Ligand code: BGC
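Just one chain follows, in the form predicted on its own, and it is written as structure tokens.
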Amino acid sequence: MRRTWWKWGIYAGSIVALVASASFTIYCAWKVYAYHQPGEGATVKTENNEYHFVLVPEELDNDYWRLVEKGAKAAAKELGVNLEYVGPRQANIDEHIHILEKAAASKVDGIMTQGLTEKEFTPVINHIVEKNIPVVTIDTDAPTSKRTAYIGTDNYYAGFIAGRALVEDMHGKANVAIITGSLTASHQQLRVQGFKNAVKQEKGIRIVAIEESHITRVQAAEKAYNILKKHPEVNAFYGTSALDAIGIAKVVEQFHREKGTYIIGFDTLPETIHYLQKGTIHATVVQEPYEMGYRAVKTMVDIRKGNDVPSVTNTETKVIRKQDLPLRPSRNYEVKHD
């Protein structure tokens, strides 16, 4: 009889221990699950836990976007953030969107990208935000989307000051051809519209042609060549993406028309500065890509911590000419490949 009670005691104790262990395991699992579920507001992390952000550019191996990357990585290092830089090798909207969707599926803490077109990008950005992943747009805004903030150039204003610079430098008389990186990308459209509005009251300024380069030197050069063949009266070019003025400059030199053709472009890539120093390019609109990347990461950290951030932060934009060289601070304008 004593043996029977002894056995029953062991069985009972084992059952109690098993139940207690199971309960504790379930409790711990629930706590972990509850901790990792995204809440309605910000996700608060301790100093020992890194945020994981993704920066998706329009074109991965592009000197302009390398400057954005440099600024973003500098802020990430300063703030202890894990930053990925991933995007299409060459501008491709379908691939760009696919990368954004993959980043969202991996449940990163924040995504920074462009809002290239309203039709394609707004639904994607909204879908990402609905998953409690904040989105900050850089360089190109998606103002009707649910993005939290935009950091970058006022692209309409940038186009407008380009137009006014051309009017001033050409004394109000020019036959102008516009070569734009994209006819559909919103930031390129704004740069064209700002330029048009800046020159529309000038009776001596005539816009002869508008062509698309697909953000490549080669196509910018091809379009410039065709324009000069078809419209030899053209004596001024406006390029709206970083590579357009470079392609135009090559063709203008090929035609030996450096002295009779005015070129204004965008950004300060090494080739742009080279042509600016030579006098083939006469002016260029300066943006601050490094600053865009730097501020985007800092803004994203503030968002994740639940801090209020401005909906729009416009970085500085200005027109420079040969006499304004060299540029300072260099961090905004120089790319050094490792």
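Numbers follow the displayed sequence, beginning with 1. Computed from a predicted model, the values in this text were never measured in an experiment.
One more form of this protein, predicted in complex with beta-D-glucopyranose (BGC), exists but is not displayed; see below.
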Site check F160, A162 and T284: each within 4.5 Å of beta-D-glucopyranose (BGC) in the predicted complex by heavy atom
no
Mind telling me which stretch in 74-82, 204-212, 228-236, 242-250 gets its heavy atoms within 4.5 Å of beta-D-glucopyranose (BGC) in the predicted complex?
242-250
Assert contact residue (beta-D-glucopyranose (BGC), in the predicted complex, non-hydrogen atom within 4.5 Å, options Q114, T261, T148, S182) equals Q114
Picking from Y275, Y294, Y64, Y51, the single residue whose non-hydrogen atoms come within 4.5 angstroms of beta-D-glucopyranose (BGC) in the predicted complex is Y64
Might K223 be said to contact beta-D-glucopyranose (BGC) in the predicted complex, defining contact as any heavy atom within 4.5 Å?
no
Using a 4.5 angstroms cut-off on non-hydrogen atoms, would D139 count as touching beta-D-glucopyranose (BGC) in the predicted complex?
yes
Interface membership of D267, beta-D-glucopyranose (BGC) in the predicted complex, 4.5 Å heavy atom rule
yes
Pick out the residues of 185-201 whose heavy atoms come within 4.5 Å of beta-D-glucopyranose (BGC) in the predicted complex.
H187, Q188, R191
